[in-house]
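Form predicted alone, single chain, as structure tokens, below.
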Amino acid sequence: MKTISYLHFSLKNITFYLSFLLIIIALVIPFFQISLYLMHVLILMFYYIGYSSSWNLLAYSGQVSFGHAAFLGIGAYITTLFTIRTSLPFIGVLIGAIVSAFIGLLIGLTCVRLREWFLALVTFGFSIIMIALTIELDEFTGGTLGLIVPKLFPSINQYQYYFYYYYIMLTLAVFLVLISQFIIRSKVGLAFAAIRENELEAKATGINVMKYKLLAFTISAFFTGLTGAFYAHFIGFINHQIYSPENSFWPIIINVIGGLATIEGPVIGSILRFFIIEFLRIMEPWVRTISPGMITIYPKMQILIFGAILVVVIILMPKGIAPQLRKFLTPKE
């Protein structure tokens, strides 16, 4: 009855139809013979949706990570090393996710009792440690030179490869959004929300706070490792830069803009990122005509633009775009 009631509510809710429409559009896009560049950009957009959704699960339990790229990189390196030795990429992807979850569990066991920002700093430090380890263990990781990652489908041409990978990353993004929704709407999700809102009150009602925090950390690390593993096989190359602070901060920026601890937040933030980056790319030739020297600072301008958008969203919509959009789209009862 609960499922039927929720389905009935969803059918009355325009966001249900909008989500369904977006998935249908995403499914048919490759059949219009779009360029490899556009397909590449869309694949990366799906990657960011999946990565940000994984990070968002941690935020939903009231925890913050400034070093989630560590789990992204662990998943990527494990699947690469396994596939190089066995030529079994799909098993490597799963093992990469499992190892990421295990490392996340170990970190959670030592750090989950820390307050939000202390935990964030510890995870940031861990990602920096992973950079150092990757460079030092060059016999296995390739050091600063990195490693060539075997393809998932080595015997097909480039367009077919992008075509197949488009649907793999789309499926992964949809799966992670749906699994996040399932978790958030379950009893586990209710416990996560209670801990996020007031940890002391959650503990007073009998919720095992440490257990649920640890569960959130492990699940988030697993899905992040899974996303990182698929990302590595698509890009075809990894080095220590996958652990960079930039890779850790993107899911934070995307979720804050889209809506922290919401289902739609990672999707809205990633789509907005896609449009902004494409707009800046289109504007690049125009910037060159103004002054050739401007192009050297153009990447910094992109960061400034994202920073400005982030500040505006925080000021005007502290909870992000998703809650405001939901109010606008949800019909009044």
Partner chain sequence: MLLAISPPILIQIIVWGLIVGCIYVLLASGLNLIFGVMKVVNFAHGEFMILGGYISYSLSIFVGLNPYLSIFVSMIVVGVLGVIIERVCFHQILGTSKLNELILSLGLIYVLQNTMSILWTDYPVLINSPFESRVLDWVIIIGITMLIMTGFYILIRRTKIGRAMRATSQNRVAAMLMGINVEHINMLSFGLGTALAATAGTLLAIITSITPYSGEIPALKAFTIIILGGLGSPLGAVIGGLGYGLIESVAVTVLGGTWRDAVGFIILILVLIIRPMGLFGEKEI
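Residue numbers count along the first chain shown, from 1. The term rigid core refers to the maximal set of C-alpha atoms that superpose within 1.5 Å between the two forms. For clarity, every value in this text was computed on a predicted model and none was experimentally measured.
Not on display, but discussed next: the form predicted in complex with the partner chain.
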ask   = L310 near the partner chain in the predicted complex, any heavy atom under 4.5 Å?
value = yes
request  = Examine L121 and determine whether its closest non-hydrogen atom to the partner chain in the predicted complex is within 4.5 angstroms.
outcome  = yes
4.5 Å heavy atom contact, W55 to the partner chain in the predicted complex = yes
task = Indicate whether T110 is a 4.5 Å heavy atom neighbour of the partner chain in the predicted complex.
result = yes
query = Exactly one of I128, I98, I156, I84 has a non-hydrogen atom within 4.5 Å of the partner chain in the predicted complex; which residue is it?
reply = I128
Listed residue that, although the partner chain is not shown, lies within 4.5 Å of it in the predicted complex (heavy atoms), from L105, L133, A193, L178 = L133
query = Even though the partner chain is not shown here, does it sit in the predicted complex so that L21, I34 and L42 each have a heavy atom within 4.5 Å?
reply = no
query = Among 302-310, 24-32, 45-53, 267-275, which stretch has residues with heavy atoms no more than 4.5 Å from the partner chain in the predicted complex?
reply = 302-310
note = Taking the partner chain in the predicted complex and a 4.5 Å non-hydrogen atom cutoff, the residues of 249-275 making contact are F249, I252, I253, V256, L260
task = Note yes or no: does the Cα of A308 move by 2 Å or more between the shown form and the other one after the core is superposed?
result = yes
inquiry  = For a quick test of reading the superposition: does M317 move by 2 Å or more at the CA between the shown form and the other one, rigid core aligned?
reply    = yes
